[in-house]
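Listed next as structure tokens is one chain, alone, in the form predicted alone.
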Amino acid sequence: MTSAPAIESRGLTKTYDDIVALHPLDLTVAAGEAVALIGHNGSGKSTFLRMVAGLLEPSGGDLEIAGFDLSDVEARGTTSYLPDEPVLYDDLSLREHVEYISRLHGGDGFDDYAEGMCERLGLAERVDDLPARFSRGLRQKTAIVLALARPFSLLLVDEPFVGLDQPGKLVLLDLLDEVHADGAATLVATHDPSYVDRVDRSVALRDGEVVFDGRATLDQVLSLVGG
């Protein structure tokens, strides 16, 4: 038995009046596949991720998540999204954030895994503090914990390395590898092409169009996106 693709888009488009943000896109991400979505700012990476996450309505085309239509609750339940700008509640501690988000999606709350992530990311002493008052880097680390502390089979990540210090970046890279090894599909949008060495496949976007889809070296991806 084969699993349905984690993402299946057919002719997916996004326009704003006369501006085309994403040209018709046919893209499949297999269940359990790790994919890097490479491109500079404005290439269409965030637009595509936000449509897959259900935060942005497509202008045309079809999109299925794990075999479910984008509008189905099952599609949303299988997907975890780590945005480029952390979204946090003003009056909840880090621990309370994890409890709420995890249990909302059928998880175990602030369990050993969440506690371990906090330790690895240097947040162990801050779990009862309000992340809304954290620095940009600590807020980003909090968002990482929230995205990974709930059950999912598809992880979407938008520009994850912005705002992270080098130790935090290395921990996140390890966590992404572990998520992939545990069987979840990952789609990581980044303008840092060095990430291509850690994934099964890279998709390069330029001006809303796919210019490469496959395995590539760092130099190949840089040349394709104009780096």
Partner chain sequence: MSLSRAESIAVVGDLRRARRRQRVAEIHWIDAMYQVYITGIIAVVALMFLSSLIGDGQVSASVVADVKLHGPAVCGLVAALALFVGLRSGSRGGPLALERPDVRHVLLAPVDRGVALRGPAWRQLRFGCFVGAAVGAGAGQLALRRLPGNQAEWMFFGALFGVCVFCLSFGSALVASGVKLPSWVATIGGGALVAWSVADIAGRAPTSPATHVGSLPLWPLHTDAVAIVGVVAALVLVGLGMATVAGTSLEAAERRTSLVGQLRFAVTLQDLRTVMVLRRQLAQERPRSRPWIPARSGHPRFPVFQRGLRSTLRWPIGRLGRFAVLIVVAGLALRGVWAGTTPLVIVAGLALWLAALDAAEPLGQEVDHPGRTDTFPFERGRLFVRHLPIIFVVAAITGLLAGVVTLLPGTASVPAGEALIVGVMASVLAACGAVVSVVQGAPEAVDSMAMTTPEIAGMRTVYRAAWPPGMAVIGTLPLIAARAAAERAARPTAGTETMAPIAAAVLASLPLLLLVALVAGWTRFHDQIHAWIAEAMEQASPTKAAERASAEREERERAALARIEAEKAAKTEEAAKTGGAVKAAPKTRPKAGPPPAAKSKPKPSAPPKGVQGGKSAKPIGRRRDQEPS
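Only a predicted model underlies this, so the values are computations on that prediction, with no experimental measurement involved. Residue numbers count along the first chain shown, from 1.
The same protein also exists as the form predicted together with its partner chain; that form is not shown, yet it is the one meant from here on.
*Asks:* Pick from L121, A114, L155, I101: which residue has any heavy atom within 4.5 angstroms of its partner chain in the predicted bound form?
*Replies:* Comparing distances to its partner chain in the predicted bound form, the residue within 4.5 Å is I101.
*Asks:* Have a look at A53, A66, A36, V29 for me and say which one sits with a heavy atom within 4.5 Å of its partner chain in the predicted bound form.
*Replies:* Filtering the options by heavy-atom distance leaves A53.
*Asks:* Picking from 54-62, 159-167, 173-181, 188-196, which part of the chain touches its partner chain in the predicted bound form when contact means heavy atoms within 4.5 Å?
*Replies:* It is the stretch 54-62.
*Asks:* Just to confirm, V127 within 4.5 Å of its partner chain in the predicted bound form by heavy atoms?
*Replies:* Looking in the predicted bound form, residue contacts with its partner chain do not include V127, since no heavy atom lies within 4.5 Å.
*Asks:* Since only the chain is shown here, I'm wondering whether L92 would be in contact with its partner chain in the predicted bound form (any heavy atom pair within 4.5 Å).
*Replies:* It does: once its partner chain is placed as it appears in the predicted bound form, L92 has a heavy atom within 4.5 Å of it.
*Asks:* Is I144 close enough to touch its partner chain in the predicted bound form, meaning at least one heavy atom pair within 4.5 Å?
*Replies:* No.
*Asks:* At the 4.5 Å heavy atom threshold, is F110 in contact with its partner chain in the predicted bound form?
*Replies:* Result no; F110 lies far from its partner chain in the predicted bound form.
*Asks:* Just to make sure I understand: among 80-97, which residues lie within 4.5 Å of its partner chain in the predicted bound form, judging by heavy atoms?
*Replies:* Contacting residues: Y81, P83, E85, V87, L88, Y89, D91, L92, E96.
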